[in-house]
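Next up is one chain by itself, shown in structure tokens, the form predicted on its own.
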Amino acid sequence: MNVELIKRFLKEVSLIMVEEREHLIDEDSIVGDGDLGLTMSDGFVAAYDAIKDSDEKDCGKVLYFAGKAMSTKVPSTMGTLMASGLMQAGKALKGKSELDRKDVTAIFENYLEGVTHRGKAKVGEKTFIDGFYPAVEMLKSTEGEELSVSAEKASDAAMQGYKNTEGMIAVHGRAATRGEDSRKLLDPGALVAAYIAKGFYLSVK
């Protein structure tokens, strides 16, 4: 596994975000300002476009460049969070031209770390983290399995994490102003996490 895996991954995520743009807009319109679909589609397309034709072999640098391009294209709160994840993963993998199974898991562990550090959210606070954290934990616990099998389980775990945000009280963003009423809603940020995990699965299946 090498930089081509990262390119496939970002390509699949960008395609999903474009395909689901209107759905994300609709979901975000319920709890936010409705720009999530545009931010995620524009941002991940910019991330992929920045590295798709690159000759760079350093996986860390490719991830970092992708994140940097995303941060420039969509400097919104969510755009910055997603870009921070990519750049943190890039820092962690700098110098690696070949990836082993633990390196692949490290991409997602560090993506989570980057988002958490920037956004200060925790599991259970009805955010992106609630979709992404289960996927990372699943990747870690299934490292002995085929990557495609592990990735599919991680994708399923992320989607379940998204569904589990119904019933949580929102702590961050506009949804937090709803207080107890926010329990009735699903979190669109966690849906973004599920789409990222799905994109990874599609890139390795």
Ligand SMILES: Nc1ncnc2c1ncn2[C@@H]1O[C@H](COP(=O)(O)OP(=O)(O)O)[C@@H](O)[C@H]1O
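All values derive from a computational prediction rather than experimental measurement. Start at 1 and count along the sequence shown; that's the residue number.
One more form of this protein should be noted, the form predicted in complex with the ligand, which is absent from this view; the next part is about it.
- Figure note: of the listed segments 140-148, 56-64, 155-163, 25-33, the one touching the ligand in the predicted complex, with heavy atoms no more than 4.5 Å away, is 25-33.
- By the criterion of a heavy atom within 4.5 Å, Gly114 is excluded from the residues contacting the ligand in the predicted complex.
- Contact annotation: Phe128 falls within 4.5 Å of the ligand in the predicted complex, judged by heavy atom distances.
- Although the partner is absent here, Ser76 sits close enough that one of its heavy atoms falls within 4.5 Å of the ligand in the predicted complex.
- In the predicted complex, the ligand lies within 4.5 Å of some heavy atom of Ala121.
- Of the residues Ala190, Met17, Ala197, Leu10, just one reaches the ligand in the predicted complex with a heavy atom at 4.5 Å or closer; this is Ala190.
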